[in-house]
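Single chain ahead, by itself, as C-alpha cells, in the form predicted on its own.
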Amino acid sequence: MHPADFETAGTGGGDANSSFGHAMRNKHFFFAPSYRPLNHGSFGVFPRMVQEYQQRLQLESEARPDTFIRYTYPALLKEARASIAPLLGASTDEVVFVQNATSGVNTVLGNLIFKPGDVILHFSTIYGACLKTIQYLGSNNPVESYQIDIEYPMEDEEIVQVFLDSAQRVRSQGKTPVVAMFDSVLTFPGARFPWEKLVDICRKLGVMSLVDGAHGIGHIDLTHLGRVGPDFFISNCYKWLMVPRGCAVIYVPFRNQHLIQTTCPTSWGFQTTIDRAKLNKSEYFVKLFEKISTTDNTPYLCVPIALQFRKSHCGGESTVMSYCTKIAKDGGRKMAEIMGTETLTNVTGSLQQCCFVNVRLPVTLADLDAPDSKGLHIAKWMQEKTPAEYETYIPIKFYKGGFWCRISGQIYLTIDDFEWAAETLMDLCKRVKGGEWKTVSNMG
C-alpha cells in the first residue's frame, strides 16, 4: 500500500493543529498511562498512524510474499529514498537505507582500504559502539586510531582548534590522518557538535569526514548537508524521525560511491570488479543496498508516512524541531531551578541548539564522602532505579566530577514532565545521601 492510498483510506487524515504535549501523547502514541517518556533519544517512538501503516505493509507481505518482496518492496523503497533525500539536501541516488547507524558506520569503515601509517581521528565523546568498531578495525587492518580528548563546556572554535592541533600532531609523527569521525549531536553529554566546521577543516586537510549523525535527521536541520559535503553521513531514522526501529539512512555523495564496494553483510547486490566496471557507479551503489538479506525492512518504507504525520499533525519539520529544542531548554532551566543546580551550556549557547538538555544533580561525592572511583557506580545505581521504581528512564552519568542527567525534548512533553523529573531526581539524590547505593544487592 502506498502512503497516499493509506491517507485517502481515512486512517492517515491529519489535523495540522494537533496540540503538542499531553494531548499529542495521548492521541497519537502508545505510552502506558503511568510512564513518563523522558529518554526519546535512545530508541525513539513512532505514532499510531505509522504503526498502522507498517502493519498494513506486513499483512500485504504475508498475503503475497513473493509479489511484495520481489516487486512491491523495491518500488516503495525508491519512493522512501526520494522522500528522505530532501531532508539531507541530497539526490535520491545518494541515499540508501540500513537498519541502524552502527551498521552504517561498519559498512563505510569496512569498505575503506588502509595502509601502514594511516590514522582514524575521533573525539573522546564518540559513541561506544563506534569506538569498538574502530578498535576492531585496527586489530585487523594497518590503521591506528587517535583520540582527541575534550570536556564540556567548550566553544565550537575550541573544538575546531583542538582538532587541527591533533591532526598536525599526528602528521608530525610521520603518520597520515585519513578519516575523521565525529557526531552531529553527541550522545552524552547531549550537545550539538560543530560538524559543519569540522567537515570544512577535513576538506582543507585532505582528510575524509565520516559524520555519525545517529541523532541527526528529525532532530536538527540537515537540509544544507549536501552543500556542506561530508564524505559520509549516517543517521538513524527511528530515533527522531518517528520511523519504526530499525531504519537508518546512509548518505554517500556521488564522488565517493566508488569506495563502497559491498554491504555489511555482503549480499546479492555485490559485483566483482570486472562486472562493476560495466555499471554506472550510482546505479551500483543503489542496487547494492536494495536487498541485503531477507528481514522485515518495512521500517524503511514507513519514512514517507512518518513525514506525512509530522506535516499533517505537527506542522512540519521546522515546527517539530523548534518545539523539541525549546521545551528541552526551558524544561532544563526549570529542572535546574527546582534542584538548585545548573544546565550544561557554553558562552555562545551553541551546544544547546538541539533537543537534549543536560542538568546537574544536587549531590556530590563530597556529600557522600565517596572517592572518585565510586562515581560511575553511584550514577548507574540512580539510573537503574528510574525504570525499576519510577516508571521512567533517565540517563545519569558521572561527568566532570559531578552527576548529570540527560533529558530529551519531544512533542509529547510539557514543562510539568521536566518538573516531575526534577522531583524524582531529588528523591533519588536523597536516597543516595542516605547510603542506599552502598548495598551489595543494588551494586550488581
Partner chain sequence: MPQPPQVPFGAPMRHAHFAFSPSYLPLNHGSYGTHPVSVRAAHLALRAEVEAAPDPFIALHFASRLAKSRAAVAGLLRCSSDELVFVPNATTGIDTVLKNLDWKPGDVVLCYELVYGSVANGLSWLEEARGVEPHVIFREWPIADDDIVKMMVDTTRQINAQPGKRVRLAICDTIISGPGARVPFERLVPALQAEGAMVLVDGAHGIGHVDIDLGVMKPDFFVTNLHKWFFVPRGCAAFYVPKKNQALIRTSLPTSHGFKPKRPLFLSTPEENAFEELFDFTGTSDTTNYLCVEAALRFRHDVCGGEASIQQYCRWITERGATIAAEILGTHIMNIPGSRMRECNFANIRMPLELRTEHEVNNRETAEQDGKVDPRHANAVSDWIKHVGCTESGTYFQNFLYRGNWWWRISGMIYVEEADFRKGAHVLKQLCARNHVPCLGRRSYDETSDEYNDLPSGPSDIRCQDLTIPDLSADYTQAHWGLDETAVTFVEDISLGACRIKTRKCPEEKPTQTPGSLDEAHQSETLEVERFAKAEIHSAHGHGAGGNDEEPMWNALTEGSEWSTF
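Residue numbers count along the first chain shown, from 1. Note that the coordinates shown come from a computational prediction; the quantities given were computed from them, not determined experimentally.
Unshown form predicted in complex with the partner chain; subsequent notes refer to it.
Engineer: State yes or no: in the predicted bound form, is some non-hydrogen atom of residue 390 no more than 4.5 angstroms from a non-hydrogen atom of the partner chain?
Structural biologist: The answer is no: residue 390 has no heavy atom within 4.5 Å of the partner chain.
Engineer: Using heavy atoms and a 4.5 Å limit, would one call residue 403 a contact residue for the partner chain in the predicted bound form?
Structural biologist: Taking the distances in the predicted bound form, the answer for residue 403 is no, it never comes within 4.5 Å of the partner chain.
Engineer: Using the partner position in the predicted bound form, report whether residue 64 sits within 4.5 Å of the partner chain, counting heavy atoms only.
Structural biologist: Output for residue 64 is yes: heavy atoms within 4.5 Å of the partner chain.
Engineer: Applying a 4.5 Å heavy atom distance criterion, does residue 129 contact the partner chain in the predicted bound form?
Structural biologist: Contact with the partner chain, yes.
Engineer: Counting only non-hydrogen atoms, which stretch in 270-278, 212-220, 196-204, 353-361 is within 4.5 Å of the partner chain in the predicted bound form?
Structural biologist: The contacting stretch here is 270-278.
Engineer: Report yes if all three of 42, 58 and 291 come within 4.5 Å of the partner chain in the predicted bound form by some heavy atom, otherwise no.
Structural biologist: Spot residues vs the partner chain: full contact, yes.
Engineer: Could you work out which of 261, 325, 125, 345 is the residue within 4.5 angstroms of the partner chain in the predicted bound form, going by heavy atoms?
Structural biologist: In short, 261.
Engineer: Looking at 168, 141, 319, 312, which is the one with a non-hydrogen atom within 4.5 Å of the partner chain in the predicted bound form?
Structural biologist: When the partner chain is considered in the predicted bound form, the option within 4.5 Å is 141.
Engineer: Which residues from 74-104 come close to the partner chain in the predicted bound form, meaning a heavy atom within 4.5 Å?
Structural biologist: If the 4.5 Å heavy-atom criterion is applied to the partner chain in the predicted bound form, 74-104 yields 75, 76, 78, 79, 99, 100, 102, 103.
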